[in-house]
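Take a look at this one chain, the form predicted alone, written out in structure tokens.
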Amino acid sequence: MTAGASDGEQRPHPVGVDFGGSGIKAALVDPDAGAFVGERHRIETPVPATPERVASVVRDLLDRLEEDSHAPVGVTVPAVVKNGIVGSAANIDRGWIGVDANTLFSEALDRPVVVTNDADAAGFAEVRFGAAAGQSGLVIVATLGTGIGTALVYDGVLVPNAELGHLEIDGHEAESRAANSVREREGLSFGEWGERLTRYFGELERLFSPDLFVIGGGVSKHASQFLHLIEVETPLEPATLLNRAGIVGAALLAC
């Protein structure tokens, strides 16, 4: 159930689904606590990850959950999503471009589905229940992974599709110089990477004057080794929800 029904009735817990490059994960979420209800389930992402194959995996995942057939469902997609339409395919099958993902998943699951950008979902969750909980003003959540995903949240309101990893800085796409995958591929020390991150976050600071940066991605587990090397005036905090953020955010945005 979900707390908060004014008439005393129990509402079903929303479902969050996080579509990633290696796996598609799903869980029931308590939207009042930002926590999973029961186990998280995972199925490997199909290759190729065409819209129809991904929708089939999501349907299989929901069959594994003890969820109400009327529960709201939120799904993340690693792409720009505008009014449910996928508008980019930097890290997914190009067959997604132009797909009405809301309709695709709604038909596959036989209920309304809300589809959102994966970084937006994770960022929204961090602001509601994670490192930026209670923070007013502008929060920029940046996920440092294969690329750089970003989310802008102002006074708790999500500004969608802020693809700031694709900013051009010094003649290069930002994520081609500062993503964690680049650090690993080029064998950069944390000190060398810190210089690139300083250039990147310094530019975001100049453009947006945020009140807080939240740094996510798997590498955020090692925040103590590099966060202090990013020389900007804006406070920086490591993400706390980690790999739960996408599922939690998707479920929250579907409510």
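Computed from a predicted structure; not experimentally measured. The first residue of the shown sequence is 1; numbering continues from there.
The following text describes the form predicted in complex with a small molecule, which does not appear among the structures shown.
Residue contact with the small molecule in the model of the complex: G74 places no heavy atom within 4.5 Å of it.
Mapping the unseen interface onto this chain, N91 counts among the residues with a heavy atom inside 4.5 Å of the small molecule in the model of the complex. At a distance threshold of 4.5 angstroms between non-hydrogen atoms, E163 is in contact with the small molecule in the model of the complex.
Contact check for V80: a non-hydrogen atom falls within 4.5 Å of the small molecule in the model of the complex. Distance criterion of 4.5 Å from any heavy atom to the small molecule in the model of the complex singles out A119 from the list A132, V115, A125, A119. Per the 4.5 Å heavy atom criterion, the small molecule in the model of the complex is contacted by stretch 142-150, the sole one of 107-115, 93-101, 181-189, 142-150.
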